[in-house]
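Quick setup: one chain, the form predicted alone, written in structure tokens, and binding and motion questions come after.
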């Protein structure tokens, strides 16, 4: 039984590793095969692969959408790989890693959202993973989905729907009343602030990631030109050697692609937790719930008394 179980675990490991790596390799191959020829360093948006005809407006399928779907598949493969062959007592580094991730995310949610929102731990983990891996995909030469405004806007709209849902849990009147707080004259400002929430989340994340890519590209291009000016008098390949581009672009990539990408993922997750938990008037909700239950009990008692009479 143990040999069969071990063999099954190994087969699944190979399957899950393939599920992790093949989507990323596919994205890279698609990038190489479809990238238009360019001269020098260029800064462009996501390529449009094809367009789906729609009744109101055609739907373009872009590089960022395809890469986002492939990164999602890769993340699912990573999760399956880390949780394959779990046991009651952790004996593998994978199970230790999986348990560490779960404990850290649950502690983060408990600290920032409270015990009531502990069910949001998987959602927050998914936000962190998708955002971080999307930004880190640029290290492989893949167009990062977080550099596309539409992708990040979709995440922000999803968070905004959750915010509105928890504001409406206390009733539509309570939601509308919130726009008049603390004084009625501030209602227009509160409406603008409500609409600005998804916009600020979108542009903060998208702007930081895109700015890092643009700055790194511009500096790499400038260093290439500087190398030509400094070494251009040398004969042959020595004059074309990009000496000044050695080192600094890698350091900038380490900051903009790794540190900044992971930082923006953490900030987006923190804002999600703050906005969702802050939108829920928990005390008012439970007071309304207690009153409804009390009225329900009173109606049941009255019905029982009427039946007895």
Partner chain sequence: MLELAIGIILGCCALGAGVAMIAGIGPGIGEGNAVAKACEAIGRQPESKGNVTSTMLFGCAIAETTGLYALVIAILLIFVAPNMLINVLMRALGR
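Numbering follows the first chain given and starts at 1. Nothing here was measured: the structure is a model prediction, and the numbers come from that model.
Not pictured, yet referred to below: the form predicted in complex with its partner chain.
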item: Residue (of 164, 187, 200, 83) lying close to its partner chain in the predicted bound form, criterion heavy atoms within 4.5 Å; value: 200
item: Candidate from 258, 281, 270, 61 lying within 4.5 Å of its partner chain in the predicted bound form - any heavy atom; value: 270
item: Candidate stretches 65-73, 27-35, 50-58, 261-269 - the one whose heavy atoms come within 4.5 Å of its partner chain in the predicted bound form; value: 261-269
item: Distance check, residue 154 to its partner chain in the predicted bound form, heavy atom within 4.5 Å; value: no
item: 4.5 angstroms heavy atom contact with its partner chain in the predicted bound form for residue 104; value: no
item: 4.5 angstroms heavy atom contact with its partner chain in the predicted bound form for residue 169; value: no
item: Contact test in the predicted bound form: residue 136 vs its partner chain, heavy atoms, 4.5 Å; value: no
